[in-house]
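The chain below stands alone and is given in structure tokens; this is the form predicted alone.
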Amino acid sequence: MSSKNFPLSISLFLIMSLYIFSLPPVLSTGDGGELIAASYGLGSPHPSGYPLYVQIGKIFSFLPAGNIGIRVELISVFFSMLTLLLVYSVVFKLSGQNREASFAAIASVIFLALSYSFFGQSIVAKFYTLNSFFVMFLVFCGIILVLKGYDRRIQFIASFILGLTLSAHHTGFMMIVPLGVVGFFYCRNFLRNLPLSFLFFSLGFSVNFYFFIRDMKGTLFSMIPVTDLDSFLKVFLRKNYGAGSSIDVTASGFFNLYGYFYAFKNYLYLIEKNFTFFSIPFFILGVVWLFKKSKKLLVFVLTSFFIYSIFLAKLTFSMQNPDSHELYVIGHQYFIPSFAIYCGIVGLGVYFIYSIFEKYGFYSLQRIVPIIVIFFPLLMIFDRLTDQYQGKNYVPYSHTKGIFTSLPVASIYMTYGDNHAFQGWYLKLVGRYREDICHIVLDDYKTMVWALHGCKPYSLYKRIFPEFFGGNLIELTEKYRYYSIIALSEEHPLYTVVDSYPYFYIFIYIGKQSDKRDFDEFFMERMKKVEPFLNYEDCLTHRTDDVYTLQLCNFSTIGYISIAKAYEKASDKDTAEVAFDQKLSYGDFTAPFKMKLKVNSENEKYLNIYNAVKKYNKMNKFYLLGKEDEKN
């Protein structure tokens, strides 16, 4: 290692160690369980299917260390490090390529690495750092073309990577716009090599043929099987999301132009939460530096930044008042590439100041300040170890495992929504836990259309659940074998035929016409039997403001009430009751949860746990909500 690269190497090693130290110990919430299960079984997750990520995940699953979940999570660490290396290269190449340039580049790398969202996406099983790597690689290609002149080899490489982006997160393909601008600078050469570029693009795009290959005989895990061109386009273009399909979302960028106001406002909010407004003057100085260096360079870099910031925000993040779900799913994830470009420009602004020191003879400042500046972004380590560290977040794993453990032999377990479904798939398909359970996933709260990924192979489960596959759900309820996370409301089709009763963290369905005289005895016996599996410690020690973790812990509180109910005594009849009257949310629908509890010396501790978990997992803890006054 040469001495001039030593500070960079130390910085990257520190960042990588911090990321690995902060990885979730088994799996993360959200898409994590699904992507790990799909990678492990070479399946197809939700549209657009992410075939490149899944294949890389399969390779990482062979790493000889950690469990399967951690191995797949390492993909994010790996591509984060490559992205940071590219940010360094961009800043170094566009500045003075000297000592001060190296320190400015390292400062921008640390600034990005320890920002809230980039750090958060670097430690979970998701594809956003892979997408950031592709975007920054294409930005680097464009910069080389502008700096060194036209080179058809770079055009071919960029075409190949553009094709690859369509097998990862599709937003990576938006780099075709700024690269098209560079192509305009070299119009004649660009057009002459366009046919061969298309060949390279097709080669990259061919990764998507994975769908046909894997679904030819049916994989263990495939959200939507691809068997012909129509089903391929349905998955690839995300047609099942309706207005959220790739084509409709892209078209929305050219209508309702007033939405750009909210897009700008919301994106500025993300900049403030990730980098503070103090970074903006350095960003402006970086733009000035680019202007001084090359007008073409300025046009290319700012076009790239606009596409991944304001334009992407117009497509996905231009609501008037984003709620916690939109802030988490969109704001916390989609804009990672723009943050990488932003930090690169900030780094150039920092170098601009160093060049002023040199110009006016402030040589002492020129030598000392670059070293000091590196330490300022390092202070963010303490914030990230407070809000993004997931090394103790067992909640996604232990919550679902607790539910599985609590179920009687050969039960149906029905979930709705990603947060419960994906973790169930991980346990069933990767962990091979409770294979006697048939896990079904409801597509829509108002229908009884479900996915059966947790009941494969069908030939086996048909023998275990002849009532279910024969359409006789009532018979299952009479045997106390039908469980669900869904509390029923009038909107649900089962509402008229079954009643839902709290059972541990979830609900048991009992037919309305069933004889319920034995149910109370069954409930009391089961709750006392599964009480040892009640795991509240994880919901009091996870140390993260991950939205889905907070939701899982809040949802689990019905378990403490259920257990407490089982320990009511006949002698409590004259004791005052504590009434629980809540609304459980299932997307756009809510269902009531009502229970009255007589508190005695034996069950009081469960009520205390309920209150402690509620307090520790308040939703306003989520950093991006920014309601500091409510946190106190």
Partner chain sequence: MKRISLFFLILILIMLLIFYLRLFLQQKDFMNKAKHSNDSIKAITYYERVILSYIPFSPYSREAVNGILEKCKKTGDDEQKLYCYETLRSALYQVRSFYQPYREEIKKLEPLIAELKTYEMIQWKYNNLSEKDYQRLYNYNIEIMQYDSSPSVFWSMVSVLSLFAWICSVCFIILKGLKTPINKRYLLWGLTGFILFFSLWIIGLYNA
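Numbering follows the first chain given and starts at 1. Please read these numbers as outputs of a predicted model, since none were measured by experiment.
One more form of this protein should be noted, the form predicted in complex with the partner chain, which is absent from this view; the next part is about it.
Taking the partner from elsewhere, Glu491 is found to have every heavy atom lying beyond 4.5 Å of the partner chain in the model of the complex. Heavy atoms of Lys126 never reach within 4.5 Å of the partner chain in the model of the complex, leaving it off the interface.
Remark: Asp323 does not count among the residues lining the partner chain in the model of the complex, judged by a heavy atom distance of 4.5 Å or less. For the chain shown alone, Pro408 is a contact residue for the partner chain in the model of the complex, at least one non-hydrogen atom being within 4.5 angstroms. Annotated contacts: Thr400, Ala564 and Phe593 are all free of the partner chain in the model of the complex [non-hydrogen atom within 4.5 angstroms].
With the partner omitted here, the residue from Tyr186, Tyr501, Tyr480, Tyr445 that has a non-hydrogen atom within 4.5 angstroms of the partner chain in the model of the complex is Tyr480. Phe160 is the sole member of Phe190, Tyr269, Phe160, Phe283 with a non-hydrogen atom within 4.5 Å of the partner chain in the model of the complex.
Look at 82 to 90, 491 to 499, 347 to 355, 292 to 300: in the model of the complex, residues with non-hydrogen atoms within 4.5 angstroms of the partner chain sit in 82 to 90. Contact annotation for 421 to 455: residues with any non-hydrogen atom within 4.5 angstroms of the partner chain in the model of the complex are Tyr426, Val430, Gly431, Arg432, Tyr433, Arg434, Glu435, Asp436, listed in sequence order.
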